[in-house]
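Just one chain follows, in the form predicted on its own, and it is written as structure tokens.
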């Protein structure tokens, strides 16, 4: 039998024993990744046969592929010691009152119930490897919108659609962590917006990784049909432990003809987290994909959302901010592929580095031979808050048609001493003055978020400025 480990830094009443029933109330898990573990996860999920086959194929690919070398070093991440499945001792429910108190208190501190009441059409909440709460307003459901956990959808009327789309945009062969995801994925959300339906207020999923030494591998699949409109918000957090945690989720987005999807993310992982999430969108004729991204926390990040502008006259907008503080190496960016005619993309990113943090922004714009009339602008700005932090901008442009208009601009700067002096002369402390200037620098992201999320982001910036996160 493989070596076992006890998770004893979390509430022992929250977890079931996974493989063998013993008289212990600990949650006991195997380390490493074997076909037996993959089969056990599949059994827990009651997967259809095709999903088990995909998991086992993904494991084979995982064992063959090397660890990616395009970003920061992952030397501190021992994949053989990452726990791939942690199951809370609670069933999925649509009633907040039925969520166990220990989990409920965690999400209440994060403001999830309040946000649901005030500004969301529906909420999903995942705790470690399982979705524990999912609910949607009746008036939205009556429009034919489907918003549920992916595993429930896999056994419902949309099972064939999921089989058609699942891991087709992000196949296991893409890279090692995508193969890992394919083998052990658990939880996540499924959203289907029918033709012509416009969801007026956002849906949100929130992911909490609470177990030390564990990985979270949720899968989000969103399909927005022709002429439909949706804003989806993703939030993430985790407590800090003195052991590496891994996030290797997957987001696949399908934007139909003349449809619009906005995908907003505020990630506030703890600084022992390796955040290696993968996201990709496919946009049909006249469709529009909008990304709004705020990346905070985590020890190391590989985050490069990709948009494929397949259809003619399709569009992409990307607005993002990254804050790298002490001990952080955040490698972020995006890739946009122009394939249809008269496609357009606009990128506006901000990067802040402080206390020796390293921020890298990679942008890749590809204009394929048939993409006549493509237009793309990439604007990257960096704010350095001291003399020993680092920021790099790495643009790549691959233009394969004569009729494209593509441009890139990068700026780097520091906080003006004159601006600090001016604010302090008005009675504002130096600490608050610096935080105000940084919040203003990040305004391009905050103004794209609903008010309460913009406030949350500005609070995260203020906490980062005083060094109290993680």
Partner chain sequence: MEIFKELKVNPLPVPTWHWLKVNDADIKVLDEGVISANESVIRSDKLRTGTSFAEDEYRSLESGMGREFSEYGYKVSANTVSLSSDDPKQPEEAIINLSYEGGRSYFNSYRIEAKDNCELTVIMRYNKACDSDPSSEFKAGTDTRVFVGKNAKVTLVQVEEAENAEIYNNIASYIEDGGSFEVIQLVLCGKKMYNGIATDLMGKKSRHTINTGYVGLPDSKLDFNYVARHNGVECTTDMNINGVLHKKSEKCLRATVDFITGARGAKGAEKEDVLLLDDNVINKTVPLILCTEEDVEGEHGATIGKLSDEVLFYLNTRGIDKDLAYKLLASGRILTVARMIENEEIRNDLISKIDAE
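Residue numbers count along the first chain shown, from 1. As the structure is a prediction and not an experimental result, all values here were calculated from the model.
The form predicted together with the partner chain is left out here; the points below concern that form.
> Exactly one residue in 418, 69, 431, 49 has a non-hydrogen atom within 4.5 Å of the partner chain in the predicted complex; which is it?
Exactly one listed residue reaches within 4.5 Å, namely 69.
> If you check 82, 282, 399, 145 against the partner chain in the predicted complex, which one has a heavy atom within 4.5 Å?
After the contact test, the surviving option is 399.
> In the predicted complex, which of 311-319, 271-279, 380-388, 189-197 comes within 4.5 Å of the partner chain (heavy atoms)?
Correct option: 380-388.
> When the contact criterion is heavy atoms within 4.5 Å, does residue 366 count as touching the partner chain in the predicted complex?
Output for residue 366 is yes: heavy atoms within 4.5 Å of the partner chain.
> May I ask you to state whether residue 393 is within 4.5 Å of the partner chain in the predicted complex, using heavy atom distances?
Yes.
> Would residue 409 sit within 4.5 Å of the partner chain in the predicted complex, counting heavy atoms only?
Yes.
> At the 4.5 Å heavy atom threshold, is residue 53 in contact with the partner chain in the predicted complex?
It does not: once the partner chain is placed as it appears in the predicted complex, residue 53 has no heavy atom within 4.5 Å of it.
> Just to make sure I understand: among 334-365, which residues lie within 4.5 Å of the partner chain in the predicted complex, judging by heavy atoms?
The stretch touches the partner through 334, 335, 362, 363, 364.
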